[in-house]
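Below you will find one chain, with nothing else, as structure tokens; this is the form predicted on its own, and questions on how it binds or moves follow later.
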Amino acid sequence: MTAIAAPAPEAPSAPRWAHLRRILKSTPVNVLLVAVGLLWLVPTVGLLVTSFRPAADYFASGWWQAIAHPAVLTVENYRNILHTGGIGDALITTVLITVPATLLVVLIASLGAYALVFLRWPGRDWVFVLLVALMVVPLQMALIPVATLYGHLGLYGTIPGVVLYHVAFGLPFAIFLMRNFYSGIPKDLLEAARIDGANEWMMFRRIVLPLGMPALASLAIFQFLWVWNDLLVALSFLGAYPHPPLTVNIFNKLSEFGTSIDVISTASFISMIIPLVVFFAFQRYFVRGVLAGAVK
């Protein structure tokens, strides 16, 4: 009588093992990324905690000890600096510079990129080469000539002068970014719209502009951060302005008060929180905009 062999135990399915191997393989990388992210957050957390601490506690103990004793934290620093430190006027000045500079760069770059990609005109390629060449020109080398020109035009020491300067130096990269993104838009869409009787403005507003929203949002984030955090241009053109921008205001307080860490930390955190809000508001467009034109 022939013996019947016992069935062999079932081996785990291949997809389950493959999934487990992927998890084990990516775990060290994920742990490393989390550790690096936490290290990057340490200065921000320290600045936040320091901005709520009394000035006397700064020299008595480290900021991390305030986490264990949150009762010592106070909002008095923010109350004092908003009422007596001129931060409110500095915020208004910074907004008056940053918002127009960002909107103008986004609008002009979008229109310029449309002309470079979808319109045919003599010298188009040479204009694009010139724009790429202008990207390597540092803004520092134009400070003195532009200051002299502004002195003759009456723009020195004015907000419109600073806005124009940021727009001029932000456009080469902005047009380059938008042009790369628009190059990936199928031209058949615009040809079909032309057949239906659409003019250039209608095609730009109803087809190209909606499709270019990821790149536009990414460009707006870049430009907003550059202008908001600018110190050199604001200090060069608005150093003697009655209500200088936030970066100049913090710089002046650093020179004036020296060791008043409660004033400096509070003003610095106020300056940092608004760009963070703008970044997280457009975060979902950021990666798509940065990779614009990389894959076609």
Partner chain sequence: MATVPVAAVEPLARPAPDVATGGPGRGRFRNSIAVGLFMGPAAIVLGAIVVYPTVDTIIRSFFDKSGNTFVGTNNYRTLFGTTEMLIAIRNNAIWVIVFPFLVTFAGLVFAVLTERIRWATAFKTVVFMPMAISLFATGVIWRIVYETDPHRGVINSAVGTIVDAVHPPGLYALPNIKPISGLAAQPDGSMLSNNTVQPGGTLKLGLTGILPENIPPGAQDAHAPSGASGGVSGAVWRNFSPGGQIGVIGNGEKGLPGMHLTLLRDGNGSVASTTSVADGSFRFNDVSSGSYRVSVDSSNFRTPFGGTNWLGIQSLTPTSGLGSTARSLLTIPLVDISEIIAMLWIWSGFAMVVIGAGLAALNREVLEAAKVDGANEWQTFRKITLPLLRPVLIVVFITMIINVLKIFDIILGLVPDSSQHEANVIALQMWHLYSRFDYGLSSAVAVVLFVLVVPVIFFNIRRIRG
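Residue numbers count along the first chain shown, from 1. For the two forms, the rigid core is made up of the largest set of C-alpha atoms that agree within 1.5 Å on superposition. The shown structure was predicted, so the numbers you read here are calculated from the model rather than taken from an experiment.
Omitted here: the form predicted in complex with the partner chain. The next part is about that form.
Residues Ile67, Val72 and Tyr241 are none of them found to lie within 4.5 Å of the partner chain in the model of the complex, as judged by heavy atom distances. Note on contacts: among Ala115, Leu82, Val99, Ile92, the single residue with a heavy atom within 4.5 Å of the partner chain in the model of the complex is Ala115. In summary, among the residues Val106, Leu177, Leu131, Ile87, the only one with a non-hydrogen atom within 4.5 Å of the partner chain in the model of the complex is Leu131. Under a 4.5 angstroms non-hydrogen atom cutoff, the partner chain in the model of the complex has Gly62 among its neighbouring residues.
Contact annotation for Ala220: none of its heavy atoms lies within 4.5 Å of the partner chain in the model of the complex. Mapping the unseen interface onto this chain, Phe237 counts among the residues with a heavy atom inside 4.5 Å of the partner chain in the model of the complex. Remark: Pro214 does not count among the residues lining the partner chain in the model of the complex, judged by a heavy atom distance of 4.5 Å or less. Heavy atoms closer than or equal to 4.5 Å to the partner chain in the model of the complex belong, across 132-147, to the residues Val132, Ala133, Leu134, Met135, Val136, Val137, Pro138, Gln140, Met141, Ala142, Leu143, Ile144, Pro145, Val146, Ala147, ordered by sequence position.
Once you line up the core between the shown form and the other one, the Cα of Pro242 stays within less than 2 Å of where it was. When two forms of a protein are overlaid on their rigid core, residues whose CA moves 2 Å or more are considered shifted, and Leu232 is not one of them between the shown form and the other one.
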